[in-house]
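Take a look at this one chain, the form predicted alone, written out in structure tokens.
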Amino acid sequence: MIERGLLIVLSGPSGVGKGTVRKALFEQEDIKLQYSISATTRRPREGEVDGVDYFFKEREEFEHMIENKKLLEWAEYVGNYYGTPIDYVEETLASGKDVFLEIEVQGALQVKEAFPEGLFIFLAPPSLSELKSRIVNRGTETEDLINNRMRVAKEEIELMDAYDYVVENDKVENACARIQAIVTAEHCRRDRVSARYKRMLEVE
């Protein structure tokens, strides 16, 4: 019997480095995670493949998925829908693979409501001043936008209690090591493995 995979949700405030940590995590040789593929109504860009980069959907089809609760979370951004299909996640977990989802805080809270058995990791900055410095160093934000992002970040940090673990992103390699340690520990939880060992006793 295949041990069911884990749904791992990495989330945190804008500018904390979620994308950078996720990219570094997936570049490691020994990684055994399946990155979650999102559904979207935007048109495919050159080189993008349906079912690999995204599940490309017509607007009507996506709205049908919303109505039928076929999405773990969804949002509309710049006129297009984006969301995480439940069926894809369930099939991947059932095959024994861990599914990794990198997402904004509000989306993570939606996922927790629909899938409370997931593993929720909050990526935190070393300090608010360091977070502001990272946002400023992007060089893409006006002063007003930076202040708004910092206000939202403070609100999101206060939602940390909804998560199972908090990982500080002081250095990317440290954050990756902590996430891998958490995933390893979760796979050793008694409630996940005891049934397998009890079956082993029955074979004797």
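Just count from 1 along the sequence shown to find any residue number. Under this definition, the rigid core comprises the largest set of C-alpha atoms superposing within 1.5 Å between the forms. Small disclaimer: the values here were computed from a predicted structure and weren't measured.
There is also a form predicted together with guanosine-5'-monophosphate (5GP); it is not shown, and the following applies to it.
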**Q.** Contact of Lys57 with guanosine-5'-monophosphate (5GP) in the model of the complex (heavy atom, 4.5 Å)
**A.** no
In the model of the complex, does Glu90 come within 4.5 Å of guanosine-5'-monophosphate (5GP), counting heavy atoms only?
no
| If you check in the model of the complex, is Ile121 within 4.5 Å of guanosine-5'-monophosphate (5GP), heavy atoms only? | no
Using heavy atoms and a 4.5 Å limit, would one call Gly83 a contact residue for guanosine-5'-monophosphate (5GP) in the model of the complex?
yes
Answer among 91-99, 73-81, 129-137, 113-121 for heavy atoms within 4.5 Å of guanosine-5'-monophosphate (5GP) in the model of the complex: the stretch 73-81
Self-check item: Heavy atom of each of Ser38, Arg42 and Gly107 within 4.5 Å of guanosine-5'-monophosphate (5GP) in the model of the complex
Solution: yes
Contact check, 5-26 vs guanosine-5'-monophosphate (5GP) in the model of the complex, heavy atom within 4.5 Å, ordered by sequence, gives Lys18
Has the Cα of Leu109 moved 2 Å or more between the shown form and the other one, judged after a core fit? no
Superpose on the rigid core, then tell me if the C-alpha of Ile31 is displaced by 2 angstroms or more between the shown form and the other one.
no
